[in-house]
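Below sits a lone chain in structure tokens, taken as the form predicted alone.
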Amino acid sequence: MPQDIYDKIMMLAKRRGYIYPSFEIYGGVAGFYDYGPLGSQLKNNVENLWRSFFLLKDNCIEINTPTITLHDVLKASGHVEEFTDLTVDCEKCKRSYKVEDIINDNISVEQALRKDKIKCPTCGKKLKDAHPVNLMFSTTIGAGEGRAAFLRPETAQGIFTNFHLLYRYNRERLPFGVIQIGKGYRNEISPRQGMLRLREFSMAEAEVFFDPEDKKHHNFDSVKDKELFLFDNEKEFKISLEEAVDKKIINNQALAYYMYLTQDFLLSAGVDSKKFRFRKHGSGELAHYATECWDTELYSMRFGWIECVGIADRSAYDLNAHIDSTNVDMYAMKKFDEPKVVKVKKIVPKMNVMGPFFKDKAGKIKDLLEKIDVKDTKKISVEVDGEIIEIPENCYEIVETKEKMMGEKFVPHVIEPSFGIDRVVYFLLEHNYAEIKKKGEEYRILKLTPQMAPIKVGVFPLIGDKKLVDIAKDIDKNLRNAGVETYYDDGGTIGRRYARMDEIGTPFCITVDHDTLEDNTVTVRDRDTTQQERMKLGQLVSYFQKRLEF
């Protein structure tokens, strides 16, 4: 397939209503695309299939949280300090570039900086003074001073900040998973990969909470013999889940299970298995929150191997960060078989001192102090209405008491599969795009799976005869009422109509002809085989519901 595959796909996508450049009449902006009528439906199909894997097969629960996130939340999570790209600015042409995007593949970022080998790709000027730039879009909530916030770079933090509520919702049982599908935002320095590098994008993330001493999955045995497609940065190989865990190639069952679930989802959606692999992050490229991470990489004819999913063991990083920042109890409880008597340290507030000192805030401070798990007696502070207040030592005392414990608290660990939905959509188009010659002309086919195809059935009257048209429109209406997406078309030759449906990925077409008037049968054409069969009108709804897995 030629190297200009991306251009061909994007031209087809624009012409047929899959993907449009955003703000095109104003010159466009890199990193933004609109989904057209077919693209919106394809994206919906991807998300709904993803839900079927994580909501139904894995029994997760789903929530929806704001896309605007407080500065305090992302400060605690590490994104304010860590979510950066090393950037250089060109004084001559006034453009900025991400360093790793403009250096030679054979040299590291450190070497390029040290040897002064970074040049502006636009004007050729040597670039210096690389500096980190945070990739989050900043905003303010409210008028005046307001509260500092960002457009979220991931959906995960909305799940973590609700953990204490979700844990109770799940009747305080582990493990359990929480999913969220929604928009994320990253103010990329100079996005250069079209649909694969967006500033506003759709994510589908699962945060699955485990006891750190028991990172097993109850469905692992049912898939342990399945093979994963792995890449160790030298060679690609297949290995069963069980063997990968036993050999510590993958560190725990839970991570291996979600890698397989990811693989199963993507291959079911229609990704080419020959252009699919998992690559393990080296220690130098792990995100600040991860202890282990595997990227699901898909191959593009233009861009090479591209990450579409990250499956990370985030350990207890995020929950610990939010506990430290807010003092909210976000622990889980491990129950003992029999109660244990243990020594505990408690803070006893001195209200006779605190009352005059803190006035109307004293009551809130008292409640917060009594909830603190005392670890370090050197400094006690609480957050009240967004303000961190250090508590003077004369306002409380720390006493040691004995308590009967029914269990012990711990901070759960998290396994996170994080999907870039837009990248999956693009790769479904590229991996299923095919060109053939038909009667000397270039003929394009999108071989989308029936479940992913935006339109499932094209419905055509052979000619414009009113009797044929009326039957075709009735078929179209009946299929739609049964939940089957159709497209009625009576324009042009039947060959041209088939070609239009093939190009947008429609797997089936129905043609109403003169024989229909005689025997109530129509022609059903299969896109991939081009075979045709006659079928009774009364069989159509049940036939397509079965073929489309309704």
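Just so we're clear, the structure is a prediction, and the values are computed from it rather than from any experiment. Only the largest set of C-alpha atoms that superpose within 1.5 Å between the two forms is called the rigid core. So that there is no doubt, residue numbering starts at 1 and follows the sequence shown.
Same protein, other form: the form predicted together with a further copy of the same chain, not shown, and the subject of what follows.
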Indicate whether a further copy of the same chain has at least one heavy atom within 4.5 Å of a heavy atom of residue 43 in the predicted bound form.
yes
Give a yes/no on whether residue 489 approaches a further copy of the same chain to within 4.5 Å in the predicted bound form, heavy atoms considered.
yes
Is the gap between residue 336 and a further copy of the same chain in the predicted bound form 4.5 Å or less for some heavy atom pair?
no
Any of the heavy atoms of residue 137 lying within 4.5 Å of a further copy of the same chain in the predicted bound form?
yes
Only one of 267-275, 391-399, 291-299, 137-145 gets a heavy atom within 4.5 Å of a further copy of the same chain in the predicted bound form; which is it?
137-145
Interface residue in the predicted bound form among 230, 328, 130, 120, criterion: non-hydrogen atom within 4.5 angstroms of a further copy of the same chain
328
Work out which of 243, 188, 101, 383 lies within 4.5 Å of a further copy of the same chain in the predicted bound form, going by heavy atoms.
188
Can you list, in sequence order, the residues from 55-92 that come within 4.5 Å of a further copy of the same chain in the predicted bound form, counting heavy atoms only?
55, 56, 59, 61, 62, 63, 64, 65, 66, 67, 68, 69, 70, 72, 73, 76
Superposed on the rigid core, does the Cα of residue 128 end up 2 angstroms or more away between this form and the one not shown?
yes
